[in-house]
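For reference, the chain that follows is the form predicted on its own, supplied as structure tokens.
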Amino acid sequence: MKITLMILLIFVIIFMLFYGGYYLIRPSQKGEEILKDLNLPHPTIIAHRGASNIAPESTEAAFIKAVEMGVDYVEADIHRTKDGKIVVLHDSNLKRTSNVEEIYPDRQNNHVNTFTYNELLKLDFGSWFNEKHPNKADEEYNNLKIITLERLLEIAEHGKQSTGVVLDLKDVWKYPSIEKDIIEILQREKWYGKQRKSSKELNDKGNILIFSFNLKTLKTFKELAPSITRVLLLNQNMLSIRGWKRWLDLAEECSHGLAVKETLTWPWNLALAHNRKLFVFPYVINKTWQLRIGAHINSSGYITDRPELVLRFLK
């Protein structure tokens, strides 16, 4: 019995060395072609919650800085207020990135969808950053307000160069028909309805990526706005429930690519995705050593809190 297990183990090791080693030496080159077909730049640089390493995440200041740096996309997490406004915020509650404990002490753990837009405007979404990062503090960060999806689009539209927008939909089960609400805003603001002509014309409207962990949300966008690029988010816990190949099966049905923790971007995983014509974006890439690995395996893009580092590395 022990000999059989030993032989099996040796076989598995040899297989992994050969199979994994092949893709380490010769990473898949199909990612660039897949992005080109979707009119996306290669590699795609996405500022996670804006330039969130040097400014308060998900605020006007963070998004403006990222746009001015010249990123391809700014990424924003989306929620809907009690009175129907689409706003930008990562967390489900307001405790970590605002002074909600001071303004609404009895509601500090309440979900953001229990607040009206006017109630949210009374909160300060910037001062926490100055307190947590005194070496990066700036007076302009004090009393920053929450922003709407419309304001985010305006920031991206009027930067020094063309910038797209990634919308990451949070807690979608709490927001019936939020997909329709977002599409209506994109149409009203003329960000959806035109085909992009080339990856160099990112201001050609329709330059939106939809990110979601929720397969149903991605399928809804596929039905309502099929020309918008859709990306399935995966984390380690999801991969433990279903294997990589099974997630690729599901992704093929509703998305154009995947965004995964950088620990999942093994070269053989990328090759399997590319064979399905799916691109893969790793998150969150904030270290030079991660960029070196990404460059070696010809990463399709980088989702980062430090766009200044990625841009400098890629020159």
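The first residue of the shown sequence is 1; numbering continues from there. If you're wondering where the values come from, they're calculated on a predicted model, not measured in any experiment.
The next section is about a form of this same protein that is not shown, the form predicted in complex with ligand G3P.
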| query | finding |
| --- | --- |
| Proximity to ligand G3P in the predicted complex (heavy atom, within 4.5 Å), stretch among 151-159, 211-219, 176-184, 135-143 | 211-219 |
| Exercise: K85 in contact with ligand G3P in the predicted complex, heavy atom 4.5 Å | no |
| Touches ligand G3P in the predicted complex: D77 (any heavy atom, 4.5 Å) | yes |
| H90: touches ligand G3P in the predicted complex, heavy atom cutoff 4.5 angstroms | yes |
| Partner proximity in the predicted complex: K170 to ligand G3P, non-hydrogen atom cutoff 4.5 Å | yes |
| In the predicted complex, the one of L233, M238, L123, A225 near ligand G3P [non-hydrogen atom within 4.5 angstroms] | L233 |
| Contact residue in the predicted complex, from H256, H274, R49, K65 (heavy atom within 4.5 Å of ligand G3P) | R49 |
| Within 276-304, the residues that have a heavy atom no more than 4.5 Å from ligand G3P in the predicted complex | Y283, I303 |
